[in-house]
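In structure tokens, the next block holds one chain alone, the form predicted alone.
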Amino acid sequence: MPEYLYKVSAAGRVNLIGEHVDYCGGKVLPCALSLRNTVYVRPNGTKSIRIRWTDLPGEVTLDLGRLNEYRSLKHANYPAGCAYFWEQAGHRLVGCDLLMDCTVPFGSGLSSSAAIEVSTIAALALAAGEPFDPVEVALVAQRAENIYVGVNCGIMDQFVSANGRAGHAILLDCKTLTKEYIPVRLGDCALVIADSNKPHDLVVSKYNERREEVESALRTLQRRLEVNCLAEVMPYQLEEYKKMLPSVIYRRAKHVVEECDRVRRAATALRTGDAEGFGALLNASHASLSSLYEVTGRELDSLVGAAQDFRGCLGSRMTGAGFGGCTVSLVKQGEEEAFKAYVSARYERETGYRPSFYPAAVCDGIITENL
């Protein structure tokens, strides 16, 4: 597309383990995927941002002087929010044309929203001739999603979309934003991502509800414990004060506290190439998300159950916010196609949905190119 000056892309992500702990100050272990949102960009000499999509009709025009007014604009509210908060952070905006091409499946739980946000901000910076810091890009993108779009997400999705490294997972401390790149050593196994293709209707309302529940748990525990976030609570402390918490709130907190410990052990398993240990932690994580955090549902439980019963699968769990979306499984190399066939047939028989499978190549976050 030679009429554009730059090509900017940002990655979707799969979270290997550490679900629903990023907004509790915990550590997570995601990696960036080859599924991406790509933005072709050029300055246009106007006071407007014009947006087109490769898979949607029409064009949307955003007035640079009215960027706070597009919150209800379908599809364009994400880039509008990013432009608004990028400017609020002190960065220069210029009128430009953006062409969006997204290969991250929408509603899959692989973070198409973060890929769109991060690539949009990077494209706006390039159009204005400004350098950008990927960490700042991630923070502004999160702010746009929280405040402009109204999804109260943590920092994980935007951070890995901007800062991913090929062949590595990121052990990210969501409280301090310190990170460690860990080589994805899976021995003779491969990652397989399966999409439940279950409509994702409840994800925003239930996600925000879970945040309110764990924030309630933290406020209660802070009456007895000097902690700044739920991830700082140790398992024995939670058990000591569990009677202070309503049963539902206790179960939510128990998932977070134990999931944080699983992330630590999973990082060690990756470093040492302990695929079996890593797979067992995936299974334990899903069980907790199903019974304690209650964000799986019949379809994800069916998809994971089929995967876990396959002879060559070492572990499987839901990934993302839940209530639909994807699973990630650790499967013996050479058995991936048999795994897909077995899981697909059983899942369709049990639920009536047919799953999709996506590549799980671990790639860089933001990639820029001059055209």
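Note that residue numbering follows the sequence shown and begins at 1. Here the structure is a predicted model, which means the values were calculated and not measured.
This next part talks about the form predicted in complex with a small molecule, which is not shown.
Interface residue among L124, M156, A194, A162 relative to the small molecule in the predicted complex, by the heavy atom within 4.5 Å criterion: M156.
For the options G320, G26, G315, P30, the one in contact with the small molecule in the predicted complex, meaning a heavy atom within 4.5 Å, is G320. Of the stretches 100 to 108, 266 to 274, 146 to 154, 80 to 88, only 146 to 154 has residues with a heavy atom within 4.5 Å of the small molecule in the predicted complex.
Under a 4.5 angstroms non-hydrogen atom cutoff, the small molecule in the predicted complex has Y207 among its neighbouring residues. Proximity of G12 to the small molecule in the predicted complex: non-hydrogen atoms within 4.5 Å are absent; the residue sits far from the partner.
The small molecule is not shown here, but in the predicted complex it comes within 4.5 Å of a heavy atom of G18.
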